[in-house]
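Here we start with a single chain on its own, the form predicted on its own, put down as structure tokens.
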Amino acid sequence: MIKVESIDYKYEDGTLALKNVSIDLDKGKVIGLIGGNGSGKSTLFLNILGILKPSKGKIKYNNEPIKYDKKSLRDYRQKVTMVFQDPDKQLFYSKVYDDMAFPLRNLDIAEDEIKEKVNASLAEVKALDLIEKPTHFLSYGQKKRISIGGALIMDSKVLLLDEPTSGLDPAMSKEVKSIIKNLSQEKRIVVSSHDMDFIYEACDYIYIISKGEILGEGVAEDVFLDKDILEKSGLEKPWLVKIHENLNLPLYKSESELLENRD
């Protein structure tokens, strides 16, 4: 799938935003990328997407370095898509259907096939009832769903999610977690978030980034039990990990698992 191999990225002013970063998306179905503000998460996502080009190192897709000419990037972004933190940055048309259909129309796909794909993508994110809605009437949570649905329309193999639960209420965050779990059966998902409870439950492998460098990596349970690396990166432990450590309970992966075993 995708491997990031020892990349650096420098801004135009010479600031080193990423330093010797390596990650392998084959290490889990849902990969978590965590770190504080300014740690380099968004810059890494933009490098993976091909919007930015590393100053050093390579990004490989199926063991081949990605190419940066217009045609190659267009083909690559049909396989690797991203949902940005702010859904308004991805919604351009006045009606949900037209917004979803745009990238397919741009590829001259037949309208009957477009309709089928739009319906399937909206159904996958439980937003089919919004298909005829004006985008400016949607709630923030609805816009998040449409943004994810829009990323799915291309049948991509890798989905990058930048702060997918930011600004959402607990019920909608739970829905997003369910959507990610379902999508991970057929796609590789990479999630960036400040919500450690969400990351712990949703992800099976995690990378910690701080000041543009990878501080550590591993399965979720191991990473969140590493007190030193969490303190160094300024991250909180998930509540389920705190319960495990302070109440001498088993380390459960989800609230439902904890409640099922409470007796």
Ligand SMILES: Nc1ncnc2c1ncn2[C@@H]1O[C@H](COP(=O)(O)OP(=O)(O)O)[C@@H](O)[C@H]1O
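All residue numbers are counted from 1 along the displayed sequence. Predicted model, so just to flag it, every value in this text is computed and none were measured. Rigid core (definition): largest C-alpha set, two forms, superposition within 1.5 Å.
The following text describes the form predicted in complex with the named molecule, which does not appear among the structures shown.
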4.5 angstroms heavy atom contact with the named molecule in the predicted complex for A17: yes
is_contact(N37, the named molecule) in the predicted complex, heavy atom dist at most 4.5 Å: yes
K41, heavy atom within 4.5 angstroms of the named molecule in the predicted complex: yes
The named molecule in the predicted complex: contacting segment from 42-50, 233-241, 217-225, 58-66, heavy atom within 4.5 Å: 42-50
The named molecule in the predicted complex - contacting residues of 48-73, heavy atom within 4.5 Å: none
T15: Cα shift of 2 Å or greater between this form and the one not shown (core-aligned): yes
